[in-house]
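What follows is one chain in structure tokens, specifically the form predicted alone.
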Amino acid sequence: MNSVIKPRFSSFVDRFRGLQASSPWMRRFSMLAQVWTLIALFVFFSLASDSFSRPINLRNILTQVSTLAIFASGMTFVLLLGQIDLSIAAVAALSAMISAHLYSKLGYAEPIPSLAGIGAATFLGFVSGVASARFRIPTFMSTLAMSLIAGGLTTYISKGRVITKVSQLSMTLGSKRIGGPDGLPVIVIVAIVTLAVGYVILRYTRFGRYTYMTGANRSAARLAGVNTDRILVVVMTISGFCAGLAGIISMGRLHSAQPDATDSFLIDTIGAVVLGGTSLMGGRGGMPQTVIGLLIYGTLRNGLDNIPSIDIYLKEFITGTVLLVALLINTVFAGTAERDRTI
């Protein structure tokens, strides 16, 4: 049975890629696949729920994905290199805990606590990058180890307890609104600025071009004179900085520093970036695709919450299924990697 299914599936994939290569319409459709997905989800949930398309709920979606957007800004750089960062959630928790500890326990005034938290996260990202670039440790392993280190430090500092006294700066970033109670949340502005800076770097700077070159073909980039090790170190440092900033903002949203507050952001971040079309293989994607992925992820999560007839225990299953389909499309049908013809 396996021997029959695999050739048929391979033949289907080959025909799809051939049609994609020969037809301009198919190429355009493939490029806009994520946009069509977002539109389909929006229409479906608007019809399935009376409250979904209300302006206040659409604003809630933006607020809900804002912290995720900051994580995703750094992760986009990492995935464009064909690498992975498994430490972002633990690093974010450590950043928040360091900031809260300096502010509430040691009495330091802002901006020292926030800068210290973000600085520590940035340094840990730098260390992960050096470990992978200098000693050739795969980022999967170096960031996994860094996740344990950051988690251990968070537990040591907090002793497993929640710190409820946080600075006004983090509260402003995480909870304040501009224009009154119904105004624009500051966290949305921070997310937009972070994504915009990432877009400018990737689109208009030499470093951005080198990032794409390294992700597409690291050996060719090195032969072309690109210092690929330096690119890797800088990208991992950027990821650490974004995780640290997201940790400070998450603390402001929750009005407390919690050791496990950001645990769910790891899979959500990778899922959102991949949903937007950034390739896990590296060299393809960018911030515009990440924005689409964030909106898809936010729409899916919020839409499921607005349909009470869906069992709460099925929501994670449905979200995971959508992510799996996106991964299938991304890695099989996008044609970003050469398939092994011997299997």
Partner chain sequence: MSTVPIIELKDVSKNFRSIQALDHVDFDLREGEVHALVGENGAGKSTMMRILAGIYTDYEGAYYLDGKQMRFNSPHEALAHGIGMIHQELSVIPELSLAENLFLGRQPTTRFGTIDWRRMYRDAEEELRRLGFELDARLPLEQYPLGTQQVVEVLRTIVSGARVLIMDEPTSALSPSEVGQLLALVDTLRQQQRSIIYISHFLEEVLHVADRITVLRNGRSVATLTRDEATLDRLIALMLGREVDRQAQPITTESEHEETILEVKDLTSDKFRDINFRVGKGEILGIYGAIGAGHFDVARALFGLYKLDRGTIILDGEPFPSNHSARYAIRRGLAYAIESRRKSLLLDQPIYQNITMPHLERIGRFVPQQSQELAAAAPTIAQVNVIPPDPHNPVGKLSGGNQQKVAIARWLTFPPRVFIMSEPTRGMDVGAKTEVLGLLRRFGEQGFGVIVVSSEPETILAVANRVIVMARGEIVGRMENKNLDKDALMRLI
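Residue numbers count along the first chain shown, from 1. What you see is a predicted model; the values in this text were computed from it and never measured.
Just so it is clear, the following notes concern the form predicted together with the partner chain, a form of the same protein that is not shown.
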property	result
Among the candidates Ser264, Thr164, Thr172, Ser219, the residue which, in the predicted complex, approaches the partner chain to within 4.5 Å (heavy atoms)	Ser219
Position in contact with the partner chain when the complex is considered in the predicted complex, options Tyr199, Tyr210, Tyr108, Phe123, heavy atoms within 4.5 Å	Tyr210
Partner contact for Arg284 in the predicted complex: the partner chain, 4.5 angstroms, heavy atom	yes
Heavy atom of Gly225 within 4.5 Å of the partner chain in the predicted complex	yes
Heavy atom of Arg134 within 4.5 Å of the partner chain in the predicted complex	no
Interface membership of Tyr204, the partner chain in the predicted complex, 4.5 Å heavy atom rule	yes
Contact stretch among 173 to 181, 211 to 219, 191 to 199, 97 to 105 - heavy atom within 4.5 Å of the partner chain in the predicted complex	211 to 219
